[in-house]
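Quick heads-up: it's one chain on its own, the form predicted alone, in structure tokens.
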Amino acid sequence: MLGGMAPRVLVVDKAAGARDAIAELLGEHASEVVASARDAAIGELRAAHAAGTPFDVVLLDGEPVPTTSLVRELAAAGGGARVLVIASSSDAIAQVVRCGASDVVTRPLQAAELVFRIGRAVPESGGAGRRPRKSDVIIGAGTWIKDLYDRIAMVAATDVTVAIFGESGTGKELVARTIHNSSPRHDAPFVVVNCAAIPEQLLEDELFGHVRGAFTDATRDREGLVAAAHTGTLFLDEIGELPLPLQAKLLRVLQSQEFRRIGDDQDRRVDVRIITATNRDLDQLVARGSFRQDLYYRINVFPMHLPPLRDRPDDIVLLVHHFVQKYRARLGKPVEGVTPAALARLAAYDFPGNIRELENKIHQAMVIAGGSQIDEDDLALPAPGPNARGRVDVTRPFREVKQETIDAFESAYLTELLRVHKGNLAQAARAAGMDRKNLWALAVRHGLDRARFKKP
């Protein structure tokens, strides 16, 4: 399983050919794949556990949506087996993630994605040495994530230089770390250098080190981060901020695996794989003369592009679930999830800071939340405007999509209106230029209770 012992997998699916299809997708990454009906799965898990050959992972069909108690029973019966639920569509994810599964994978199943998801679910004792840690794998669903996993699987086993492009907060470091953990270098260091965070005058010393006497404060030899990454991976984040003189030294590392410390008269060899990331347009930097063209060609051997969160709205529910689980134990609060209204607000927001901003918003909301669910009032999000971004589904009838859009606008407008006026219907009606009875009827139709907006 990406290195180490391969797990035993129990497939719980009503489709007769599911076991064979999954076994073919996993190949050598599973030691055995067994099929079971849902009503017989608990007995199968208990028998395997009692025989000393427990299943490591349960792949559970998500139709009908499993209950939380079923997921817990399956995990317990298998002696701690991890339960992954297979969702038939991105629309089903919102329901599936509430059942407490370790992870969700959407159909159509693809080999690379299935291998990575099972890999991060198997407990550390399973021996999967190069398996990506759960926190080190980017979370998502749909075609883009399947393509991403395919490309990671393609490049991980090689020493090819990878360039990861994407806006700030899209998970570039997570992808780089996943490549490293899935590569033959997984037991060696993964060294991160943020080229934008280190002052230019210190960056050369940080990267390449110095010898004693190289400058006034150089009282002893110092190894740089390039040497620290020997036999492992050097991740250069924000490579577009690297000064031109250091670009030349980095180019030498890429070309000949050699570098020279500050003040040294001897070259040093290093065995290191380099992965870079940037949110800048390197083509423009090359055209301006602020980024070397030859270095650009060297780092751009295997490019990977991460989409911004606004282009992957189906991922929001998965990410929210992940962050709720991450922070509930740290904060000691019994928050289980978010209300549909809160989820709708999150889905309507653009998140210019991408996943990093979403995580921050969920963390804040969990601190504020007073109940078991994060409500939209707990979210520190700007009010949705009439021109908020939205995806238009042209595969559905015009009237249906139009009515849905109108309903969403009305609900968002009335929610904000009542919030601003603290549930005072008369004030809200005057501000909106509406008849009070009509406003109240519309609020009722959208399930809005003005009492919830009244502040003590």
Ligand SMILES: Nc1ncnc2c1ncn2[C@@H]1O[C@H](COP(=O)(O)OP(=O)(O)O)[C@@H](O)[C@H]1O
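In case it trips you up, residue 1 is the first one in the sequence shown, and so on. The structure displayed is predicted, hence computed values, not measured ones.
What follows is about the form predicted together with the ligand, which we do not show.
Using a 4.5 Å cutoff between non-hydrogen atoms, residue 319 counts as a contact of the ligand in the model of the complex. In the model of the complex, at least one heavy atom of residue 323 sits within 4.5 Å of a heavy atom of the ligand. At least one heavy atom of residue 170 is located within 4.5 Å of the ligand in the model of the complex. Using a 4.5 angstroms threshold between heavy atoms, residue 356 counts as touching the ligand in the model of the complex.
A heavy atom within 4.5 Å of the ligand in the model of the complex is found for one listed residue only; from 270, 75, 174, 347, this is 174. The contact residue chosen from 203, 96, 304, 138 relative to the ligand in the model of the complex is 138, the criterion being a non-hydrogen atom within 4.5 angstroms.
Stretch 348-356 is the contacting one of 371-379, 348-356, 247-255, 294-302, since its residues have non-hydrogen atoms within 4.5 Å of the ligand in the model of the complex.
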